[in-house]
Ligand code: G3P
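Listed next as structure tokens is one chain, alone, in the form predicted on its own.
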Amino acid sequence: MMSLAEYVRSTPFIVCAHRGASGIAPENTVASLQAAIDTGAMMIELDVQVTSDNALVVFHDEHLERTTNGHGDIRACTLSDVRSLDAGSWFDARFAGEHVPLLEEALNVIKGRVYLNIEIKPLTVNEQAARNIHNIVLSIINAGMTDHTVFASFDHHALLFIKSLDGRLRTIALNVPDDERLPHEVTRECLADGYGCSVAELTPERVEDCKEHNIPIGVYTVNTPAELEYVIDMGVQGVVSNYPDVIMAHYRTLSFTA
């Protein structure tokens, strides 16, 4: 498996599965990760939260209610508490019993099969937040996935901190809403290797600026064939999708006709 940097240079387009294949399986579960791999997605995006006993788990929200049968702040729960929850039934009865995975468990599913995009949530600037990011990075290093992982965030200070841990780590600066700066200005400030924005924020000026400064650009969230054709015509290099099955199938038809 070539490094992510090499893959980006040699591949015209990347489809990244959002929280796994979150449109067809419960987000951020092993089921969604496996479904994303089965669709042929090249990359998986996931989120990491930290429990009260400092375990790294794959989970998006700060609170448990939306995607589990639990209640309260996940950061106030122990790993044992979180692992006892049902993280699948809310999506469909077929997924009853799916649990919140440890980051290590998710890495074991992903490693050597697809590339990984970890979104670092905006964090309060304090020592604990720094330790949490450091521990996430260490998990990637210890898994031997440094060359196959990218860290994305709206928190550009977090991206600078990641670069300070190891300048070889790859990062994507997600555009902060209402920030009208061009991509090269954003990425230069936080030393990011790539730029991401929403479909609504995508403009010809941003795409052209990325091309001029050799910055890979990706957009979120692209869920339909029409949206895919629009962003490809605009000149983006990758998309994040809840439905990688739909997007991969349509992309293959576009590739074939091209």
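Keep in mind it's a predicted model, so treat the numbers as computed, not measured. Note that residue numbering follows the sequence shown and begins at 1.
As for the form predicted together with this ligand, it is not shown, yet the points below apply to it.
Residue heavy atoms within 4.5 Å of this ligand in the predicted bound form occur in exactly one stretch of 186-194, 203-211, 39-47, 229-237, and that stretch is 39-47.
Out of the listed residues Leu174, Ile74, Ile133, Ile110, Leu174 is the one that sits within 4.5 Å of this ligand in the predicted bound form by at least one heavy atom. Among His156, Lys163, Lys121, His99, the residue placing a heavy atom within 4.5 Å of this ligand in the predicted bound form is Lys121. The three residues Arg19, His60 and Tyr220 all sit with a heavy atom within 4.5 Å of this ligand in the predicted bound form.
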